[in-house]
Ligand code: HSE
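A lone chain, given as structure tokens: the form predicted on its own.
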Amino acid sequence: MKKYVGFVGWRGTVGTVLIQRMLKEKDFKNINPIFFSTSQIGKKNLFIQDIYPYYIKDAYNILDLKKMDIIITCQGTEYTEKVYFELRSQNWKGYWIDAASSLRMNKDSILVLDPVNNVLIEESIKKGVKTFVGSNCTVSLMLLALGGLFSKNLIEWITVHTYQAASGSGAKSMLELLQQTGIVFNNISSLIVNSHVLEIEKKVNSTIQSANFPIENFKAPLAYSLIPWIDKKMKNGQSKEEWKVQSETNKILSRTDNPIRLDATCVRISSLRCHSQSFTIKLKKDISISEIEDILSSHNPWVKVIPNTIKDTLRYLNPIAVTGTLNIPIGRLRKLTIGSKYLSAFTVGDQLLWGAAEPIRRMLHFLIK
């Protein structure tokens, strides 16, 4: 019998990408989908009416939620903290699949990225684990890109610099970036043809620094700029986004007792979609670049090694080339001058696909197959 699967948060950016992927892969034919909402209760589901031509249910109705075999939520941390523990306290035994961060480090939850930890996922299901959570977007994208080196235990430590798109902060932030860009262009468009570029730059700067420039979501201008801080501050001076890199990576790899050392500097940039990452890696042994390329490219079908040439780098190793695809290109592979065990690499991945929606879509397959 088909399982009843409840969807919450399916109208947001991650939820929309999830539904689009499920439609493309014809996943709905294998389940009985039930759609819940915190704001559209009682309305017709016009988004996918041919699949679910019924009225949308209340996402806070515990009695209706308890009827689900599986709940998938992309609604966010606040919803999870209000509903998840209430459901469990009422002895709900269903599977909870979550895109939010709230439950990631709970001892009773498993972080899911099946090209990397499919054995752990299958073993956890057999053991009766009921809570599965998508990991931090940059962590997932890093592990897919560098999966071959991790699987062969070749990494001693990594320091990573992430360049994260507005999409990582949600739909409102993406719209705010567009609004910022539009305001700047409107203020300087008449100057472009006949004015000196430094005069234009001065106008751009004064526009961005004006008191009424929209920064409600980012708390600082992002258009034509960057923000070297993401999430709240930790006691050791890291941002929480940087803290996640080591903690979540080692949980996915089942290495919390013997962790690989990782650290990060996380930066928000004015790309709409796709996160980029620059790695400095110390390897445990000296191996050639050609061997490294073979190890990386053979790990999973999505990673694509990009030759370290100007032409290939410009064409394939950027957010515009990757947006809307499952490809994980990795390039700029070279040994550093400080030693033959030190490797530099650069990767890009779609934050809304492999960074968010795809791992939880694939987790659903483990539970219904």
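Every value quoted in this text rests on a predicted model; they were computed, and no experiment measured them. A residue's number is simply how far along the shown sequence it sits, counting from 1.
There is another form of the same protein, the form predicted together with the named molecule; it is not shown, and what comes next is about it.
Peer 1: Would you say the site is open or blocked once the named molecule, modelled from its placement in the predicted bound form, is overlaid by superposing the surrounding C-alphas? Use blocked for 3 or more ligand atoms within 2.4 Å of a backbone or C-beta atom.
Peer 2: Here the answer is open - the superposed ligand has no atom within 2.4 Å of any backbone or C-beta atom.
Peer 1: If you check 104, 251, 273, 299 against the named molecule in the predicted bound form, which one has a heavy atom within 4.5 Å?
Peer 2: Going through each option in turn, the one that passes is 104.
Peer 1: With the named molecule left out of view, which of 173, 180, 164, 117 would have a heavy atom within 4.5 Å of it in the predicted bound form?
Peer 2: When the named molecule is considered in the predicted bound form, the option within 4.5 Å is 164.
Peer 1: Would the named molecule be touched by all three of 13, 17 and 358 in the predicted bound form, meaning a heavy atom each within 4.5 Å?
Peer 2: Judged in the predicted bound form, none of 13, 17 and 358 sits within 4.5 Å of the named molecule.
Peer 1: Looking in the predicted bound form, any heavy atom of residue 168 within 4.5 Å of the named molecule?
Peer 2: Yes, contact at 4.5 Å.
Peer 1: According to a 4.5 angstroms non-hydrogen atom cut-off, is residue 137 in contact with the named molecule in the predicted bound form?
Peer 2: Contact with the named molecule, yes.
Peer 1: Contact with the named molecule in the predicted bound form for residue 347, defined as at least one heavy atom pair within 4.5 Å: yes or no?
Peer 2: Although the named molecule is absent here, residue 347 would stay clear of it in the predicted bound form, with no heavy atoms inside 4.5 Å.
Peer 1: Just checking whether residue 158 would be counted as a contact of the named molecule in the predicted bound form - the rule being heavy atoms within 4.5 angstroms.
Peer 2: It does not: once the named molecule is placed as it appears in the predicted bound form, residue 158 has no heavy atom within 4.5 Å of it.
Peer 1: Can you check 83-91, 288-296, 129-137, 143-151 and let me know which stretch has heavy atoms within 4.5 Å of the named molecule in the predicted bound form?
Peer 2: Going through the listed ranges, the match is 129-137.
Peer 1: For the stretch 324-361, return the residues whose heavy atoms include at least one within 4.5 Å of the named molecule in the predicted bound form, in the order they occur.
Peer 2: The one in contact is 351.
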